[in-house]
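What follows is one chain in C-alpha cells, specifically the form predicted on its own.
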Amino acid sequence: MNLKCSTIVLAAALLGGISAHAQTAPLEDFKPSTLNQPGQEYPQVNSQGYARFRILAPDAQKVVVSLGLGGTRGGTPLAKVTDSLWMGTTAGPMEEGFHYYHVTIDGGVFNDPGTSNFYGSTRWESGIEIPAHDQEFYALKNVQHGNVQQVLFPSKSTNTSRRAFVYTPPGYDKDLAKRYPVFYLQHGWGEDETAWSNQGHANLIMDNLIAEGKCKPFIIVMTYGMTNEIKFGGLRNFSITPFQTVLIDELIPYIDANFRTIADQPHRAMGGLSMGGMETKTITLARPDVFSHYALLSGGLYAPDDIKDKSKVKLIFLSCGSFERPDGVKNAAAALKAAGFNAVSYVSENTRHEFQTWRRSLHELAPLLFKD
C-alpha cells in the first residue's frame, strides 16, 4: 500500500519539535533512525527532518505518537493500514537533534519497541534523532576515546550508596603521574545521571575536541541531582540543601580520593542544563570556595551583584537556544563583562530547550574550561 495515502496530517502548530515553516509533502527518502533497536526499520526520518512511525497494535482503536518532553507538545495520530499495523508521518519537519516521544494506544502510554529508550520526563522514553547539519562534532570517530565508568559512592546523608558516571579523557590510564581538573555536570528535571552520556554525547564531544587539539583534557562527573523529587513546575518547593550536601561533602571527596584530580578550587568547575543550571547557580554562589568555573545551559543567569568575590571566579558561561531567551543570555554576559568578569554567552541557532542546544553549548564551553 502507498504509505503516503495512509499518512494522517496534523496541523504543525500542534506538533512538538516540528518546524513552523510552511509544510509540503515529505520526500520519500526515509531511512531508519540512528537510535533504532538492532534490525528495526521504524521509526524513520527523511532528509527534510520528517519522522515516520509504524506500530503493531492489532486490537487498538486509536494510536498517537506524542513528541516532546512528556508528550506535552502535541502528537501525530497514526492510521491503520493493515489489520495489525498503524502508520503516520509528522505534519512537518522536526528540528534537528534528539527528541523524546512515546506512543499512546487507547489511552495507555507505551514506548516504541522499534527504538532505544532514554530517561527523560521521569520515565524511560523512546528517542528519535533528526540528523543535524553540524552532527560531526558529536559523531563517533576514529580517534582516541576516553572512558565513561559507573561509580557507587557512599552517602551518609541519604543512608545509601549513590551513583555517578565519570568520564576520564583519552590517555588517563597511561600517564599515571598526570592529574586532571574536574567538571561537575548536571542534568535537567526529569532526567538522571545517564542523560549527558546517552542523550548529550558528552564523552564523544570531548573525545573529538581533544583529538583536534581544541580542548584541555579534564574529568567530567555526572550524578543524579535529586531534582525529580518535586513535580514539574514545582521549582519553588525544591530545596538545594540535600543535593548540596551529597555533592560537596560526599561526591567530591570520593572523586578526589579515587581519581587523579587536581583537588582545588581553581581546577574545579560546575555546570548544568535547565534545572541543573539552577542547582549550579545556587551552589556556586553558596560555596565559592569549591568551584571557579560556572556554566548555566538554558539554566538561568548570573548578575554582577550575585558574586561577592570576583577573584574566585575564572569563567562564567551562559547559553540557550535561539527560540528560548537569547537576549537575556547576551545581556547578562555583557553586564558581567562590564563588571570585570570573564563571561561568555552562546546561542544555539534554531533550537529550543532541548539536547541539541546543550550539545552545542558543551562543545562551545569545553575549550574555555581550565585555560591557563
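Each residue number is its position in the shown sequence, starting from 1. Everything numeric here is computed off the predicted structure, so don't read it as measured data.
As for the form predicted together with a further copy of the same chain, it is not shown, yet the points below apply to it.
- When you look in the model of the complex, the only residue of Ala335, Val344, Ile307, Ala57 with a non-hydrogen atom within 4.5 Å of a further copy of the same chain is Ala57.
- Gln37 is the sole member of Gln37, Ser322, Ser47, Asn331 with a non-hydrogen atom within 4.5 Å of a further copy of the same chain in the model of the complex.
- The putative spot formed by Pro113, Asn117 and Gln150 is fully lined by a further copy of the same chain in the model of the complex; each residue has a non-hydrogen atom within 4.5 angstroms of it.
- Residue contact with a further copy of the same chain in the model of the complex: Phe137 places no heavy atom within 4.5 Å of it.
- Among residues of the shown chain, Ala79 is not one whose heavy atoms approach a further copy of the same chain to within 4.5 Å in the model of the complex.
- Taking the partner from elsewhere, Tyr254 is found to have a heavy atom lying within 4.5 Å of a further copy of the same chain in the model of the complex.
- Interface residue remark: Lys216 is not counted as part of the site for a further copy of the same chain in the model of the complex, having no heavy atom within 4.5 Å.
- Checking 239 to 247, 262 to 270, 141 to 149, 288 to 296 against a further copy of the same chain in the model of the complex, the stretch whose residues place heavy atoms within 4.5 Å of it is 141 to 149.
- Contact residues in stretch 91 to 112 (any heavy atom within 4.5 Å of a further copy of the same chain, taken in the model of the complex) are Ile105, Asp106, Gly107, Gly108, Val109, Phe110, Asn111.
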